[in-house]
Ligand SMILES: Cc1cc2nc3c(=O)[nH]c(=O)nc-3n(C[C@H](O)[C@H](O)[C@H](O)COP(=O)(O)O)c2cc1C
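In the form predicted on its own, a lone chain appears below as structure tokens.
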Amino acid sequence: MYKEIVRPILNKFDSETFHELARESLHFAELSPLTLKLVELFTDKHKRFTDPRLRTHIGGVEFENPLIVGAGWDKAGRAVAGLWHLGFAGVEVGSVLEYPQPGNPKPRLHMVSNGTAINWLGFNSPGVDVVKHNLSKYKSHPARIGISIGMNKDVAHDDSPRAHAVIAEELSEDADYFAINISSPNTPGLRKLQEKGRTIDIVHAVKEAMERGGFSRPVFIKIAPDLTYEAVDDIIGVALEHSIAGIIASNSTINTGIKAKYGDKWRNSQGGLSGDDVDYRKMTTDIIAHIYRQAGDKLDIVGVGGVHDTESALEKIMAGAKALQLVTAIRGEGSTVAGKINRGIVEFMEKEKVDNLNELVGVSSNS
């Protein structure tokens, strides 16, 4: 019904307006246990699906299933419980910035096909203080919360370690893990922070900020899919040398050839492409496989990019990802997406006589 009736109606709306309506609907559902329970009526089979065989660990943190709502869907941390009731194990909130930032002028989010988006949101954020207030109500909730750390666009690169550390210091109590987002294509110059020296400085500052508050949370680095494998190897080296928990692979792509598939006007447009594009999906899966072959079990990989059904989820897990993030697929597939994927993974495991999810991690990269 969603794809045949609901999605065609939603496609008539501005994409960002739809996104805000969806998020705020889940936020208001959190007003009571009853309305939250009603959210499950919109899931696959009208009930939140769980199975102990889906449990996975990243950075030492246990997730009841491998699906996490990726950064960008709930930037302010307003709908964590609602998203959990849709079947996700956790939400990566953000990217969170030190102080409020409106982002780029609208329109800045475009669905170029039913499952593919190009956006140049530009790190729109209410700032760390608002996010901290919003997250305070989830302290006893079973959903795992990651915090994607970003940087305001007017912060000098030399000041980037401090700007990232502020977020870690303020939100360590609320976070199960931190993700350093130095790969968004929508803030000028941000991807230069993926240079080895700058990445190391940011990682050290974030860790020191947590230690000052008496906290220890796993830290991940989120990379761009457009990096050369040599640059990816540099980041792997940084991660291994400086006790980074893992790598999130990957952000949206600025590849002009992939964007041009949706019309020549998009070729040189600002922003990055995400979602269910076969070339983007392969690009991100190939990077996951490369990281896994280089680092094996020494790093935990979170796979992002084109995950929208059981097949694409298993593809990334078997390439080396222990957990997966979805953003664009929530719009493309609807509220049943998490339940369908989790149920499909279990059915595959039963068919192949696999006892736990970890047995599938990296099997295609090892062959």
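Not measured: the values here are computed from a predicted model. When you see a residue number, it is the position in the sequence shown, counting from 1.
Same protein, other form: the form predicted together with the ligand, not shown, and the subject of what follows.
Engineer: Of the listed stretches (129 to 137, 67 to 75, 156 to 164, 254 to 262), which one has a non-hydrogen atom within 4.5 Å of the ligand in the predicted complex?
Structural biologist: In short, 67 to 75.
Engineer: The ligand is absent from this chain, but in the predicted complex, do F49, G82 and N342 each have a non-hydrogen atom within 4.5 Å of it?
Structural biologist: Contact check failed for every one of F49, G82 and N342.
Engineer: If you check A338, I317, I301, V327 against the ligand in the predicted complex, which one has a heavy atom within 4.5 Å?
Structural biologist: That would be V327.
Engineer: Using a 4.5 angstroms cut-off on non-hydrogen atoms, would V112 count as touching the ligand in the predicted complex?
Structural biologist: Heavy-atom contact with the ligand at 4.5 Å: absent for V112.
Engineer: I'd like to know whether L121 contacts the ligand in the predicted complex, with contact meaning heavy atoms within 4.5 angstroms.
Structural biologist: Flag for L121 set to yes.
Engineer: Is there a heavy atom of Y280 lying 4.5 Å or less from a heavy atom of the ligand in the predicted complex?
Structural biologist: Within the cut-off, so yes.
Engineer: Though only this chain appears here, would G94 touch the ligand in the predicted complex if you measure heavy atom gaps against 4.5 Å?
Structural biologist: Yes, G94 lies within 4.5 Å of the ligand in the predicted complex.
Engineer: Within 4.5 Å of the ligand in the predicted complex, counting any non-hydrogen atom, which residues from 285 to 306 show up?
Structural biologist: V304, G305, G306, in sequence order.
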